[in-house]
Each structure stands twice: as C-alpha cells, then as structure tokens.
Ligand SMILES: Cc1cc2nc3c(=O)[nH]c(=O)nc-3n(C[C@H](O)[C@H](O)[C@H](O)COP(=O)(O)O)c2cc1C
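Shown below, as structure tokens, is a lone chain in the form predicted on its own; questions about how it binds or moves come after it.
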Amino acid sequence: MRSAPLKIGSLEVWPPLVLAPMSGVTNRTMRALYRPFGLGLTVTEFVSSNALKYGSRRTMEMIDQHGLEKPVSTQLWGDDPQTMAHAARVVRECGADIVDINFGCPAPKVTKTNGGSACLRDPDRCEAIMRAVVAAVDCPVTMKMRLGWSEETLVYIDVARRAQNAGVAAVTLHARTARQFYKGDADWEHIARLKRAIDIPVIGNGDLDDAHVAMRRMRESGADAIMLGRATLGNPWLIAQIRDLMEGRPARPTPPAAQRLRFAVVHYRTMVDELGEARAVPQMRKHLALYLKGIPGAAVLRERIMRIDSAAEALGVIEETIASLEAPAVAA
C-alpha cells in the first residue's frame, strides 16, 4: 500500500521520509548525495542562533545549500525567543524552505546554555520561542524534540499542544529522553500517543535501522512520516529500501560490498572537491568506517584509515579493498 505524502503547511513532501539533522555530518554535500536515494526532505546541521546573530562564517557555511537537495529545512537552536526569531529570518533569506526548532539535542555543549533538549525543562520558554519564530518568517515552522529532560518529566504532549496552538506546522519526536542520549530503546508508543494528542503532522524518529521495522513502526504509531539519522551513515541504501516500501513495492536488496565501497569513493571525492583535502579527510574517516561495516577485515581497515592524512592514500586503501572483494568473482 502506497504511503500518503507529508503535508507541512503549504509544502507537500514525498516520500514522507526525512533525513535528520546531524552535527558535523549533514552538510550540503552529504544532503545532495543522499537525496537521490529517496528522501523527501533533508535538514541541515543544527545551527546556533547566537552564531547567526554574529555572522559566524562557519555557521553560514552550515546553512548553505546546493539547490540539488531541496526542499531543505534549516534547524536552529537557542534559548532566547528574539534571537531565534532573528536567526529564522536569516536562514529564510538564505533559502530555507522550512525553519525547524531544535528542542531535542542532548549534547552538553548545547544544553549547558539551555539550548536543545534543555529547553524542555521550561515549556513556557519553548512556547515563547515557537511563537517568536512563527511570527518571524513566511514559511512553515516545525519543531523536533525529545520526550522530556528526564523520565520524571515527560513534557512532550504539553509542548506539542503548545506548538500546535503557536502555529507550528509539524512536530518530530525522538522517542527518548534527553538524559538517555542514545542509550536504551526508543519507545514508539510515545509517538503513537503524540499522534492521538495533536492534529498537526507527527514525524517519528528513533532506532529505524531496518526498512520493514521502520514501516511497521510508522504504521502502528500512525506517524505521518519517519526521520532517519544515524542508521543511514554508511548505508544510504536503507533510504531506498524504505522508499520502495512506501511506494508499495518490495524493498530492493542491499548492494554487494564492492558496490557500496564504490559509492564511498564517490562520497570521498565529492567531499574533497567541495571542502578541500584538509577538511574532508578527517570528516570522511567516520564515514569510511561505516561504509566498511560488515566487510571482511573491516576492523584492520578502519584502524589504517584513522591514521591516514592523505585523500589519495585513503582512497588507495578503499580501491585495494574493492579489488580484493571482486577478485574471487574474477577467479571463478
């Protein structure tokens, strides 16, 4: 059965499949590379509203777009309503199709300044931020959050109802508390409860590393869309498999290891072309480590790559690995 499109304000997103914002990962290069696998919407790395206020060059790079990955949502974090409103106007002027508010990040560097999931300790402040951002821009505003700061303070339904009343067009729920970080299992029953509690679209997020499991959770929770994050790293084919199921056809098989590594080479070369070798090499170490997952000798290869500072040398290791993987087939 074909899934329905996700409607965020006046925008129609198809398929209802969203790439999560990931710090240091979802730059414009990765979004453009992953979009063709079947994403309906991509989200930038989350950016500091304070950094935008002061015109940080690095932050402006983080919200830059290719144009290939549209529609694009730009995610903002901060604890001051007026600063968040100013940042929303900036990213809208820079081409954001959607402005997303981050009430979900549990990283200490964000929460120590009361940003991200720390905002959930004060639902009134959450509401003030949402109202200020909605009033500041002429595009849809969405919000991503966790269940609450801790198990004892699950405020997600309260904050989501405030979001709906403030004019927020859709809510994403990562079904863990801030204190959990990424430990334990995401509890999708909370996503089902949220869907029953509000009328605006709900996007479910958390532990979606298998296409069939993802579709079952979407169906059972009633979520209008699903957001994929860490599970796509080194495995963009998961996106294609979920899109297949959303379009009512069987999920295609994961490509063989050599083919996966050939895409890793494309990813690496594109990053070098766009960012330069000095920036691309350290960023690609984590990506290559994940592309190598499940390949014979992966642990040794990862250790080698972590010590390499040259793009040519790293690509040489991957090309050698591809050749070794294909050698048995040639011999046969």
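Position 1 is the first residue in the sequence shown; the rest follow in order. The model shown is predicted, which means the values in this text are computed figures rather than measured ones.
The discussion below concerns the form predicted in complex with the ligand, not included here.
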Options 306 to 314, 319 to 327, 5 to 13, 21 to 29; stretch whose heavy atom lies within 4.5 Å of the ligand in the predicted bound form: 21 to 29
The single option of Pro140, Pro81, Gly206, Gly148 touching the ligand in the predicted bound form, heavy atom within 4.5 Å: Gly206
In the predicted bound form, the one of Arg193, Arg125, Arg230, Arg262 near the ligand [non-hydrogen atom within 4.5 angstroms]: Arg230
Thr177, heavy atom within 4.5 angstroms of the ligand in the predicted bound form: no
The ligand contact at Phe46 in the predicted bound form, heavy atom, 4.5 Å: yes
4.5 Å heavy atom contact, Gln75 and the ligand in the predicted bound form: yes
Non-hydrogen atom contact Ser117 with the ligand in the predicted bound form at 4.5 angstroms: no
Stretch 84 to 116 - residues with a heavy atom within 4.5 Å of the ligand in the predicted bound form: Asn102
